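Okay, so here's just one chain, in structure tokens, the form predicted alone.
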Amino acid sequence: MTLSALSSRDSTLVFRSLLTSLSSPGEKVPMPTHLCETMPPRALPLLALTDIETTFCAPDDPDLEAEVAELTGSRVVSVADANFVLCSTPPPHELVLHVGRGTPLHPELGCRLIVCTESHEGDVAMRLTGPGTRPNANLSVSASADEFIAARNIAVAHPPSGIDCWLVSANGVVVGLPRTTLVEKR
């Protein structure tokens, strides 16, 4: 895998995609095409958001983890201590419940979880409700992501503590699930 540091402009474009996806939960937001054609889309959030003042880990992708650390200067830490966690597949229940959720006084310490998916189409239909969701907002996930969604719902059950999640597809489309969004099976 060959990653490269993002320019200020490209970093801003990725950041805007990620921010837009969190402000419109369940909406499919494309990341910059020119970046998705040259690097794995799963790496873009880390390249855009991590730096020497943040921590991250990619527990199931040590090669990507090493490259991102070298390019951004961000420190690799354990899942429980990471500001950002990248999972190449929907993570198991235990991992989701192990990431930092912040506290009622410091919710900003909650983890941002980046979950890779093949696509945003699946067999399990989910209904989204909460601030920023459009009426009748839906999300389709694969059966393998169903366990992740259940664990995520536990992790966000005590606001303002919780985790924010991005589902990043192989083609560079991102769906945001902020901690304020409730995701339920339809």
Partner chain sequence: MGYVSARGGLDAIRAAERLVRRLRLTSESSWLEEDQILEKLRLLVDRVMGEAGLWAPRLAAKALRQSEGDATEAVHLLRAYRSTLPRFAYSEPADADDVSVERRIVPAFQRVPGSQLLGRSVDYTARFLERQSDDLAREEAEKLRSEASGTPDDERSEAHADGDTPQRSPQRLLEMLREMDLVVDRRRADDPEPFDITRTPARPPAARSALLSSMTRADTGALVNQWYRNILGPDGYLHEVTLGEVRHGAIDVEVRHPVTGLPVCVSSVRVTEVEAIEDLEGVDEDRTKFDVGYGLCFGHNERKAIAMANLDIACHRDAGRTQLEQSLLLTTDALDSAGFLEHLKLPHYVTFRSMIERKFAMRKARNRDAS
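Positions refer to the first chain, counted from 1. Predicted, not measured: the structure shown is a model, and the values here were computed from it.
The same protein has a further form, the form predicted in complex with the partner chain, not shown here; the description that follows concerns it.
The partner chain is not shown here, but in the predicted complex it comes within 4.5 Å of a heavy atom of residue 12. Using a 4.5 angstroms threshold between heavy atoms, residue 37 stays clear of the partner chain in the predicted complex. The closest non-hydrogen atom of residue 2 lies beyond 4.5 Å of the partner chain in the predicted complex. The partner chain is not shown here, but in the predicted complex it comes within 4.5 Å of a heavy atom of residue 50. Shown alone, this chain has one stretch from 51-59, 121-129, 28-36, 146-154 that lies within 4.5 Å of the partner chain in the predicted complex by heavy atoms: 51-59. Contact residues in stretch 155-186 (any heavy atom within 4.5 Å of the partner chain, taken in the predicted complex) are absent; none meets the cut-off.
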